[in-house]
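Heads up, what comes next is one protein chain in two forms, each shown on its own as structure tokens, labelled structure 1 and structure 2.
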Structure 1
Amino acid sequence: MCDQTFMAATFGPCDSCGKASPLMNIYIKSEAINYCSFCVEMMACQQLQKGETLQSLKKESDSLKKKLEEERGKLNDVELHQVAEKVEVLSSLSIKTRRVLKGHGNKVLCVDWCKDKRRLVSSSQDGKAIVWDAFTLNKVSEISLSVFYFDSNAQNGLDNKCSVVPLSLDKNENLAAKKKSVAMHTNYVSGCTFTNSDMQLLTSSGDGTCALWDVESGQLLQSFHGHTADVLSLDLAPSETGNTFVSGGCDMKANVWDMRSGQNIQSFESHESDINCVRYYPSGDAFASASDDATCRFYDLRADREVAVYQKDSVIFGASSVDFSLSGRLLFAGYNDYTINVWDVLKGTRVSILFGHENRVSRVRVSPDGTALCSASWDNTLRIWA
């Protein structure tokens, strides 16, 4: 399918898709717009009505957003830090590095705890996934894959696929042979999580969608459309009915989805840059997000709004990952300036800052029983803090 040739007077970002390409300068109702040829075709065939331009749609979207903020504001009778004034101030925590796991040959990108509270699985850009007994620092097994990101036992690959590898305690088993390819996206897979069993897998991708897969058959069960840029992270809700999840992406939005219907039930847009990570509060009534705008934010699902922003003047690098402590009182956030900041969720203040890593912190995870925090970093190591 080749472009018609046309006289290109300018070259630059298309008003519609943003890609740098030769632009057609056209006029709609004497409003000049610059679209690449593909977008001109799209507009002609599909979505824009006559007289609609990008500018007019943007105006409509902005005014709706304003109305929405007003609606949300009506029930906003008090702020979180005000309510939290009666809560005791936290005494200073002495959290230190208790273990350093060395063994990866390149950036460690992802880590997750096993249910036994002491084993971890980590993946690295060196193409290996290692299962560690973090307590004894032993490597239980090493799996070679084109691994990039993963959760529990599933690994996301640079080849846009997500594979499930069964892990067993038998050292001699050739685990890579049992690897099963489950998910397939049209762009990189950024995050994945098992739903409450090992039978279904939720994935998020650079192609802007999330998807639910059946592990056994590899079949796509449900897909979730609504993000308008790469989706970077997702988390499953710990609620009683266990049917929703939240995702965050480069469109600065955090969306809550119903797993069964595929519908986007709630959306939050208050970050000023890409959202790198989303994580539910332990009760399931709220979630936190970490973003390149150097803030972490706390969103209340029942009040349907952002209720806290965790930021500090001296924190200027993007946050890559967040996780809550067991009680939900502390929020651990890993940043691109190699540090981990510990925030008091209720009061909005920073409790502590953890130094130690020598390059970006790519992921932080609290252990299932809340006894320790694990951080993975681009300095090729993992650290256990307690």
Structure 2
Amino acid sequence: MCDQTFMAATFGPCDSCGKASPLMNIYIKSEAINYCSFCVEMMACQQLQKGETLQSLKKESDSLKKKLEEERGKLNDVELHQVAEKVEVLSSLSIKTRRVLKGHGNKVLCVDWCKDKRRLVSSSQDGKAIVWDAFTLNKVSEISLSVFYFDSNAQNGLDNKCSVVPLSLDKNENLAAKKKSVAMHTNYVSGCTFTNSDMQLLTSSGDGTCALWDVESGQLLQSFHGHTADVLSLDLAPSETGNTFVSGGCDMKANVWDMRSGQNIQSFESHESDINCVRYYPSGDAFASASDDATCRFYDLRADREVAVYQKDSVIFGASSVDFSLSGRLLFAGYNDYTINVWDVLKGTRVSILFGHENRVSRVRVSPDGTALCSASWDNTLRIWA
């Protein structure tokens, strides 16, 4: 689910016929080429054997995919909640709103914690990014930007660009003037995150791709093609030496990527609507996803399959964001019905509901030390829960 919808196409000369037309970016033996739709179809037909058609090959591909799913299904001997039957049931949680941060003039779309475990950074459709002191509720910095999304101290949004803004403790310093454009997509930028080196930046976009950029030079280091619609979210593996990340989008797929090769190494297609958020489990061996189909799902990368679905008949609104507790036992999920549901990851049951927001919850983030949860909402506020 995306609040804003944009259509964009790459236009230019075809690498085959040379005519200026909308182009399809495809890869042949890891080499990127830009062909028009006619040349792509001609290239495909040239490789057909006698008696073969594109329709027959598609049918064969679907058949092989079905057989692969059947073989994978034979290994699904037990569900996660069955394994966790003997695990002790969680005691009742007492999570309440401890702080309400007011200062934005429109929908708050993004929030993240700084590594000092005290400061927060948020962005809104009012065109401002605000750095907060979560203890005192004071604004540390305020930056006027012409974009709507913000992540850590990199900002991205609907101008198709991703920029880095250096943060400073000097309140009088003009941070917007120091903004440096790093990434450029052909459609809106939906998410960004620094890699472990802080010298590289990962982005996801409505153009259906993810990309890795060098912060200093702004050079594109690697592009990731595999989604067939807008990519709405990404998350980097938590390991310091991890070279993988996961992405989710409007094609209802969650893809795991190798940053070094640019290859899609795992793919999961069990959701029935847009995937709005993906988030790694603290150990890095699994991840969760939130979708407009009103479910959150849990995927084990080692088992290469979905192992749990978090849903209830009474939950009929889409899930917009998820995050794990520090231990990984709890999954916090923000929904479009203004609530935050807290799920027991192992048993698959809902253990609490957090009320307080007066509009859609757009983002939930657990603090680095695990002691607090921050939520952002379309009601123009942020809430800190503990």
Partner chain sequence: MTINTMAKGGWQREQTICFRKMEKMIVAMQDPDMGMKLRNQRLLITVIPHAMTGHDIIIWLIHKYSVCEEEALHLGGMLVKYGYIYPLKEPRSLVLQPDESPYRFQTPYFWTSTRWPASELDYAIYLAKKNIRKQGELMEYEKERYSLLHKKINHTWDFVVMQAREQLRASKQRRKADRIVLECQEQAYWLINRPPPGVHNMLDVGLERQNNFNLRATLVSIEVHRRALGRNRVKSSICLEGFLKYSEQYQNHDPIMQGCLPSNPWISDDTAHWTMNTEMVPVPTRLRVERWSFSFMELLNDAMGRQEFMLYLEKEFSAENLYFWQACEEIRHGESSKIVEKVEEVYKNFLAPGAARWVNIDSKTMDKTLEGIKQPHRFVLDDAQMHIYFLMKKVCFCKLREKDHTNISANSLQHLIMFVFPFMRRQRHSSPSPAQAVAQATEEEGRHKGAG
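Rigid core: the largest C-alpha set superposing within 1.5 Å between the two forms. Everything quoted here is computed from the prediction, not taken from an experiment. Here, a residue number simply tells you its place in the sequence of structure 1, counted from 1.
Asker: Just to confirm, one of these is the form predicted in complex with the partner chain and one is not; which one is it?
Answerer: Structure 1 is the one predicted in complex with the partner chain.
Asker: 2 Å or more on the CA of residue 327 between structures 1 and 2, with the rigid core superposed, yes or no?
Answerer: Moves: no, less than 2 Å.
Asker: Is it true that residue 358 shifts between structures 1 and 2 by 2 Å or more at the Cα, once the core is aligned?
Answerer: After core superposition, the C-alpha of residue 358 moves less than 2 Å between structures 1 and 2.
Asker: Core-aligned, what's the Cα displacement of residue 18 between structures 1 and 2 in Å?
Answerer: The alpha-carbon displacement, core-superposed, is 26.2 Å.
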